[in-house]
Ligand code: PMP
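The form predicted alone is given below as one chain in C-alpha cells.
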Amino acid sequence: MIREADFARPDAPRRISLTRFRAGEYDPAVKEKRPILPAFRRELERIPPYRVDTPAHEIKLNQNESAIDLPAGLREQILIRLREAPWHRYPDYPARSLERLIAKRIRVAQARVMAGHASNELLYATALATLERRKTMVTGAPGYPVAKLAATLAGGRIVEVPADARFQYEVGPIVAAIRKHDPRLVFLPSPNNPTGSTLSRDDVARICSATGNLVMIDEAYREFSGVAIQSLLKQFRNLVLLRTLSKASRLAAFRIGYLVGDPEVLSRIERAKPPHSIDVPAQIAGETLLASGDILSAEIARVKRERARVMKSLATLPGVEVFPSRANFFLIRAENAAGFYKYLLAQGILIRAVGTAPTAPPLLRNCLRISIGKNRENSALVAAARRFFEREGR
C-alpha cells in the first residue's frame, strides 16, 4: 500500500502528494520535476509548426485569399441547403455529387477527379501513398513549406532544386535531380508559392518524361496564370494535378481541394486519405458554387489587372525589386524589408514577411509576399510604399 510518508525518502527528488502521484505526475525512475513527456517521432523535433501570424490590421494582404466574398444570393442558397440537410448523418463519402460537378466544370470524366478536405489533405495523402523511409521527393526551392512537412512525416527524403536569381524554375536542373535521385514523388507548384513563377506545358511534359513515378503539379493559383497543362493527362499517366476551391473560387472557409489524374493513380492515393473528410457544409458550398454558372471570370480578370498595376507601381520605387508573378500575389525584395513590414502594419496593412526572420531561407532573405486585394486596398498599399521608400531613398 502506498502511503504519503513514502514520498519523504531522502532519495526522492521532491515531495509530492499521493493525489498527484496517482494522477501520473511522478515516476520514481525518472528524477525530474515535470510530468514525463510521451514519446513522439524524432522528425518532429526539426519541424516547426505551420502557423500564420495575424496581428491586428485593416487591410489583409497576407494569405492569397480572394479579396471579394461570394455574392449574397449564392451565400443564401448555401445556407438554405444547409438548414435543410440532415445534421445527424455522415457526409457522403466519396463526395460523388461534388466530384461530378467538378468534372463537368473542368471537362473530364468523373473517374479522373477525387475531392478532399483542402489541397493540403490530398498532398499529405499523396506523400503517404508514395514515400517510404529513404525514398525521395524532388521539389523546388523556395517552395510550399507544407510539401516538405508532408514528405518528412511520410518518412521521405527531400531534394530541393533552387530557382534562378529571379525565382524562375530551371527545368534542366530539375530533370537532372530526377535522373540522379529517382524520386518517388516530384512536387512542383505552378504558379509557385511564394514566388508566383510558373512551369510551361512543355516544361511539365519534359519533367514527366524524365520519370515513371508520380509528378504532382500544384495548381492552386492556375486561374490567374493563363497556363493550361490539363491536356497532358492523356499523355502521362504519372501526372496528377492538385487544385483547390479556396483561391479564385472564393471558398477558403470551407477547405475543398481536388486531384485530377489517372483513375488508378487516384485509387492508390485515396487509400491514404481519411474517410468522410469533406463535411456537409463544404460539400453543399462546393456543389452550390459549381452549379451556379460562371461567377468567377470577372473577378479573375480584375485581379490580373490589379496585379499588373501594383507590381508596376512598386517597381519604380528606390530599393525595391519586384519579381515576375502569374498568381494572385507577388514577391518583392527590399533593402529594409523588416522596416517596411512594420511600417505597413502601423498603417493597418498586413502582408507576409517570408524573408525577414533569422530562420528564413537564404534565397528569400529580405523578401515580402503581397496578395492582391480590393482596388482601394491595393492603392493604399502603393501609397504607403511610396511614402516609405521615397523617405528611405533620401
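All of these numbers come straight from a predicted model, not from anything done at the bench. Note that residue numbering follows the sequence shown and begins at 1.
Heads up, the form predicted in complex with the ligand isn't pictured, but that's what we're talking about next.
- Checked against the ligand in the predicted bound form, the residues Thr244, Ser197, Thr139, Thr130 give one hit for a heavy atom within 4.5 Å, which is Thr244.
- Distance criterion of 4.5 Å from any heavy atom to the ligand in the predicted bound form singles out Ala118 from the list Leu239, Ala118, Met114, Ile284.
- Contact with the ligand in the predicted bound form, defined as any heavy atom within 4.5 Å, is confined among 225 to 233, 185 to 193, 202 to 210, 314 to 322 to 185 to 193.
- At a distance of at most 4.5 angstroms from the ligand in the predicted bound form, all three residues Asp218, Tyr221 and Arg255 contribute at least one non-hydrogen atom.
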